[in-house]
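Let's start with one chain on its own, the form predicted on its own, as structure tokens.
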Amino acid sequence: MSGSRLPWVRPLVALVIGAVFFVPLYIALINVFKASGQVARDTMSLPDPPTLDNLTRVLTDPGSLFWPSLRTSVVVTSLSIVILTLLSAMLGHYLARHTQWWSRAVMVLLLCGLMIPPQVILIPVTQVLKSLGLMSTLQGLILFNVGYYVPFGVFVFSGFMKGIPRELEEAAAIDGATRWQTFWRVVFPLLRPATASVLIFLGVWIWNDFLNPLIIYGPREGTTIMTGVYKSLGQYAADFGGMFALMFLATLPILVFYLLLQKQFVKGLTGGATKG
């Protein structure tokens, strides 16, 4: 069997795989705009008639956890990815430009951190946070995110640094720039595609994280958007439309964030390709 004889095979396989992934999204999306009774009767049918009552109820209900959970997730995710990006870029640049044995040892140590599931280190981390007085605080959750995800950021930035010529930094040094000025004015702007990748991956991971916020931050002190959905299960036990609306609203901010940065990522790649 060759591609020229059966050109329809690849599109058909792609269509089938795409449909498998699309079905859960279809169910989640159409049930946002149905009355709860219609959701219980027929989950797969289209809304008849479409309604915004579920979204309105979640957004305006005084007892809804959506708004406080959203604020907490925005703060935690924003601060975590900004700190992670800055630390990872500086450390990745430093390790990529130094080839001594100890820099390679540090890189191997960081790569080992990528292989350890967060559940394995969760108990030791909680003990450390307790000793520092940071347990059940936003600072403790952000500190955990920075410590756990910084190896991924360093891995991405150091790999991307290998494609940036050293001569650019040497030329900046000849012109009188300090190492700090060289990094922020010459190197960091060139890392835009890697920065977009790190922001996208870490932003999605931290926003969708459930277990670590549940144990480190809550549930008594507050909720992030995912632990808020979990705690709302009882409130919406008989309101399936409200439950789908809450899940839709919880996904919407990070989806918009992903689409915005994805656009910047493509711009960075094409801009670099057409320079010179």
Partner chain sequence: MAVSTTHRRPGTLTRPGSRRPAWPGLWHFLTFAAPGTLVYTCLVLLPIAMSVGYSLTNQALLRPNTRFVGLRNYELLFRDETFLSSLRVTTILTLIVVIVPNVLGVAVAVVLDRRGWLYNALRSVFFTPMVISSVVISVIWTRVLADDGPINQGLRALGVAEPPGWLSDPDIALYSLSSIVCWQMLGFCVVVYLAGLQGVPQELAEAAAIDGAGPLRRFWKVTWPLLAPALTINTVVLLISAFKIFDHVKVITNGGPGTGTTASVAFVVLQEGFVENRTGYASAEAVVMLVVIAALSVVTLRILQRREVQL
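Positions refer to the first chain, counted from 1. This structure is a prediction, so every number in the text was calculated from the model and none was measured. So that the term is clear: the rigid core is the largest set of C-alpha atoms that superpose within 1.5 Å between two forms.
There is another form of this protein, the form predicted in complex with the partner chain, and it is not shown here; the text below is about that form.
Using a 4.5 Å heavy atom cut-off, state whether Lys162 contacts the partner chain in the predicted bound form.
So Lys162 does not count as contacting the partner chain.
Taking 4.5 angstroms as the cut-off for heavy atoms, does Tyr148 touch the partner chain in the predicted bound form?
Judged by the heavy-atom cut-off of 4.5 Å, Tyr148 is in contact with the partner chain in the predicted bound form.
How about Asn208 - does it come within 4.5 Å of the partner chain in the predicted bound form, if we only consider non-hydrogen atoms?
Yes, contact at 4.5 Å.
Using 4.5 Å between non-hydrogen atoms, is Arg71 touching the partner chain in the predicted bound form?
No - in the predicted bound form, heavy atoms of Arg71 and the partner chain never come within 4.5 Å of each other.
Do any residues of 116-152 have a non-hydrogen atom within 4.5 angstroms of the partner chain in the predicted bound form? If so, which ones, in sequence order?
Heavy-atom contacts within 4.5 Å come from Ile116, Pro117, Pro118, Gln119, Val120, Ile121, Leu122, Ile123, Pro124, Val125, Thr126, Gln127, Val128, Leu129, Leu143, Phe144, Val146, Gly147, Tyr148, Val150, Pro151.
Any chance the CA of Leu15 moves 2 angstroms or more between the shown form and the other one, core superposed?
Yes, its C-alpha moves 2 Å or more.
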